[in-house]
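Let's start with one chain on its own, the form predicted on its own, as structure tokens.
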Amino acid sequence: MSRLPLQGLLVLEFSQYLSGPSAGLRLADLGARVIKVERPQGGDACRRLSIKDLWTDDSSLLFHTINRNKESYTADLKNPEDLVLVKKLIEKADVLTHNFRPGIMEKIGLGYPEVRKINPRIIYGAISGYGKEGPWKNRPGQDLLLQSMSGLAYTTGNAKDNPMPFGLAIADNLCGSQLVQGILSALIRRHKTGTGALIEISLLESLLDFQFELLTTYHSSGKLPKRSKVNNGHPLLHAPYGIYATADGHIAIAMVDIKQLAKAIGCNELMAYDQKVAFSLRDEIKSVLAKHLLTQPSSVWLQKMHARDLWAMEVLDWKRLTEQEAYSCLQMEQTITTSKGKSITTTRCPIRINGERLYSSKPAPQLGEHTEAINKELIKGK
């Protein structure tokens, strides 16, 4: 694509780990120039946060997956000389993001009031763990901790299971996406009015928003949602919603009429139930269904259900998923070569614009890789 929507925008990313950098990744994929401002010693802590002990060059594979398409500028924000240079970058920036604990940027002299004096048009995006007020404001804003404190860990697993977190950093990813939404809306307003904005979001608020169904139900009824005792899929939904074992694997069944399902799979015992008791007898119905589905392989059940247009799919792992034609059609993979010549296969931006997929072969930067060039271009040369 000759011109991406955000081409020409300059973003300064003071963020580390996942939430802030995930926002920067999306802005970069949409055309913005994203400069990571990192500490000279060590840089973004995510450089040393490995997943499955996988490393690429001198940084973790995780760092490379979420910081591709960016530049790295090193500055010691406690050093007055470096701070002067950073403030000159801020003069030219359109967006600034950070995910430090409340008060950290203010101590450095880079809180929103100070930055707005330097650049009144800047969009200032700040992520915190729990907001900047209240007794939790200085607690560590880590994904697993937020999933636990927000109640989200009680949505997964069966009734008798311990609280169970998602198997990914859902708070970080949601918060990063919502920060992008706020930034884009502020950029539209700035285009109309010329004024900047302070965009604030917290991991906790993102997860509370994520659970709007559950919280609205709780506020309306005064009762806590209960997970199914067997095959839980969603604490608010009736049978058969959930994942079931078959003779050779697992299948997921979504919102399906009990009678239609019973006829499709030939389960006479299930015919004794109807939709009126699909929630009140949820566990009983699911137990009957679970026992029946163990008698045949997944392909048999899916063929029968799909023939009646019932909502069911096979449960796949990543190996089997990537072997599917439906996956290949999406063309979600891209190969990136690091500055030291190592190839990484990762995902592309999921957005398409005017029918075109968005790819970027630019790798994550080495620590301070672009400092000299940025100083020459944006600070000393202007």
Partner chain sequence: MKPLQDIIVVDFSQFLSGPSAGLRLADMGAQVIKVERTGVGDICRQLYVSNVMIEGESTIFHAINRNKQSYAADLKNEEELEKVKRLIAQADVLLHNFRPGVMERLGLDYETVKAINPQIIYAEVSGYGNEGPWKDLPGQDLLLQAVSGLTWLSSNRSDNPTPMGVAVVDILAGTHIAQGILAALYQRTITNEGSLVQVSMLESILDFQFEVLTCFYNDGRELPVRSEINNGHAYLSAPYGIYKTADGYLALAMGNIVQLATLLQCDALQQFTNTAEWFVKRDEIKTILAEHLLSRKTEDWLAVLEPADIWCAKVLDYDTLVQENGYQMLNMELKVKTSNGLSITTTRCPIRIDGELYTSDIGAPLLGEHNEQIELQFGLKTSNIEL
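In this text, all values refer to a predicted model and were calculated from it rather than measured experimentally. Numbering follows the first chain given and starts at 1.
The protein also exists as the form predicted in complex with the partner chain; that form is not presented, and the subsequent description refers to it.
In terms of contact with the partner chain in the model of the complex, the residue from R308, K92, H234, H292 that brings a heavy atom within 4.5 Å is H234. A single residue from the set Q178, S298, S228, S72 has any heavy atom within 4.5 angstroms of the partner chain in the model of the complex; that residue is Q178. In the model of the complex, the partner chain sits within 4.5 Å of a heavy atom of L214. Residue contact with the partner chain in the model of the complex: D58 places no heavy atom within 4.5 Å of it.
Taking the partner from the other structure, the partner chain in the model of the complex has a heavy atom within 4.5 Å of a heavy atom of E133.
Using a 4.5 angstroms limit between non-hydrogen atoms, I35 is distant from the partner chain in the model of the complex.
Just one listed stretch, out of 257-265, 103-111, 151-159, 81-89, contacts the partner chain in the model of the complex at the 4.5 Å heavy atom level, and that stretch is 151-159. For the stretch 233-258, the set of residues having any non-hydrogen atom within 4.5 angstroms of the partner chain in the model of the complex comprises G233, H234, P235, L236, L237, H238, Y241, G242, I243, Y244, A245, H250, A252, I253, A254, M255, in sequence order.
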